[in-house]
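Read the single chain below, which is given as structure tokens and is the form predicted alone.
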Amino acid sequence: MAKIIGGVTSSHIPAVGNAITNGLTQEPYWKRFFDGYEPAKAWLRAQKPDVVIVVYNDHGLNFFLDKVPTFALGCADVYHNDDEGWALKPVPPFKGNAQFSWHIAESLMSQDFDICTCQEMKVDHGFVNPLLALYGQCDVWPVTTIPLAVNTVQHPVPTARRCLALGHALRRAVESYPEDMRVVVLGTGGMSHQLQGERAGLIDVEFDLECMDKIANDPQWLTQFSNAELMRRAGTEGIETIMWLVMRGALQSNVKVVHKHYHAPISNTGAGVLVLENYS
């Protein structure tokens, strides 16, 4: 059967794609940020996952503010990236697995998660930049991907508790698939940041570091906070950290922390990388 071997977290800052494309990753501004990905990249090379399920939020490429599903799953065999500015060319398309996606969708529905299924889906920086940071620039991506979009843009957005429960359901969905494959869940977004208003530029390093520790070792801790409380601490865009809980919920109760790295500020954002591995 399919098996989730671990999870990874990553910021999906738009400027990351520009830094990679223009060879800026070892410039002083970016070096420590990208150096934090090296152990995660090494872990992926060693583990050789067949599929990466990418939990991210769409930024208007598929869903504008008039119609935003709470949870949307890509159910296609290919996903294309569109240009997002910076004069960047779209990256090569990502291979999907529609059969596996439909199995996940049916399983999630049977577990009372009303999933929007997308037979066509474009992917933006929320999906692309974490994969660029972890796999580098590729003519052909070395892994199959499945997009799982979570609404963190148009309120009301799901709670941390609901996202953790989605992760639990995702684990059951994956493990009920009869084909042998190794799966990694990539939780993207966050950490603390706010891009507008009087608190623009807010970063709460102390809260970010506590979140990283608790997500690894006590994910229920984050579910005590309402969305309003999370945004007071982490900023309006810091609510994206709830997507890490989808990843965490898909793993075992106890996991091995392979790597942990935090850096701030990059593009006015607290950025964290976690690599969590299931015990065999």
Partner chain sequence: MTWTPHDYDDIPGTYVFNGKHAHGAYPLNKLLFSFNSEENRKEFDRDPAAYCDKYGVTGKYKDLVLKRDFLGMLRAGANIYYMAKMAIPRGTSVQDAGAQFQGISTREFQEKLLAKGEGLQARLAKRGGYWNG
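Because the structure is predicted, anything quoted here is derived from the model rather than measured. Numbering follows the first chain given and starts at 1.
The same protein also has a form predicted together with its partner chain, omitted here; what follows describes it.
Per the 4.5 Å heavy atom criterion, its partner chain in the predicted complex is contacted by stretch 78-86, the sole one of 141-149, 158-166, 78-86, 102-110. By the 4.5 Å heavy atom rule, the three marked residues Gly60, Leu65 and His263 all count as contacting its partner chain in the predicted complex. The closest heavy atom approach of Leu195 to its partner chain in the predicted complex falls within 4.5 Å. Using a 4.5 Å cutoff between non-hydrogen atoms, Gly201 counts as a contact of its partner chain in the predicted complex. Although the partner is absent here, Glu210 lies within 4.5 Å of its partner chain in the predicted complex, judged by heavy atoms.
The closest heavy atom approach of Ser176 to its partner chain in the predicted complex falls outside 4.5 Å. Put simply, of Glu120, Asp114, Glu206, Asp180 only one has a heavy atom within 4.5 Å of its partner chain in the predicted complex, and it is Glu206. Although its partner chain is not shown here, in the predicted complex the stretch 16-39 places heavy atoms of Tyr29, Arg32, Asp35, Gly36, Pro39 within 4.5 Å of it, in sequence order. Annotation for the pair Pro69/Trp86: C-alpha atoms approach each other in the predicted complex, by 3 Å or more compared with this form. The pair Asp35 and Trp86 is at least 3 angstroms farther apart at the CA level in the predicted complex than in the present model.
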